[in-house]
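Take a look at this single chain, the form predicted alone, given in structure tokens.
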Amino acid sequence: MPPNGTDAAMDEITAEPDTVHPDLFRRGMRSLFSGVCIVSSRHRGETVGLVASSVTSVSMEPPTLLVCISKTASAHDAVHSSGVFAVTILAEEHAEIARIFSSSRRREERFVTGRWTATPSGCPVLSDAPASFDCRIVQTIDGGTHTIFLGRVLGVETRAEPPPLVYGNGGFGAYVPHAV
């Protein structure tokens, strides 16, 4: 068996030698649970947004966030062109908003459900979210199917800490802390 854990037939259909098939990678990543965020922007009068679980801090000084957006996502080009984005961390109570933003068929419902406000850069954020970040893009990196955006954090809003919404194993769920 090859060292990457695939059988020979799978290895033959990968794009590069010694890499796993994207379906196998996707199945493995379903085991990684993460917080759920809305990445939003505003460009030329158009408000765009998408659900993202690939959001992480990069640096405390200067404060910088990383978001990964699929190049095929409807919001990708607007985020890229605008030079700004906001990240809204969703609470458990925002599960329906996450489902709306996850579906291209429900695009017209985005920014209608929930209480939205604008950051100083003009990006929409949920007013009752646990936290939101207003960011200016300082670097983009080609990440294959995705663009990696590094955003300098211009502002942060925090609110009471409701239970966060998490994503894993193909669905949304609630975070339940357990004593270790």
Ligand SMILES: Cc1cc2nc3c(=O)[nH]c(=O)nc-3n(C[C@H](O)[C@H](O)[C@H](O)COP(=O)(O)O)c2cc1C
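The first residue of the shown sequence is 1; numbering continues from there. Because the structure is predicted, anything quoted here is derived from the model rather than measured.
Not pictured, yet referred to below: the form predicted in complex with this ligand.
This chain is drawn without this ligand; in the model of the complex, the residue among S121, S70, T47, T64 with a heavy atom within 4.5 Å of it is S70. With a 4.5 Å cutoff on heavy atoms, A129 does not count as touching this ligand in the model of the complex; it lies far away. Though the partner is left out of this view, V51 does reach within 4.5 Å of this ligand in the model of the complex, counting heavy atoms only. Contact check for H146: a non-hydrogen atom falls within 4.5 Å of this ligand in the model of the complex. Among heavy atoms of F101, some come within 4.5 Å of this ligand in the model of the complex.
Picking from 121-129, 150-158, 52-60, 136-144 the stretch near this ligand in the model of the complex, with a 4.5 Å limit on heavy atoms, gives 52-60.
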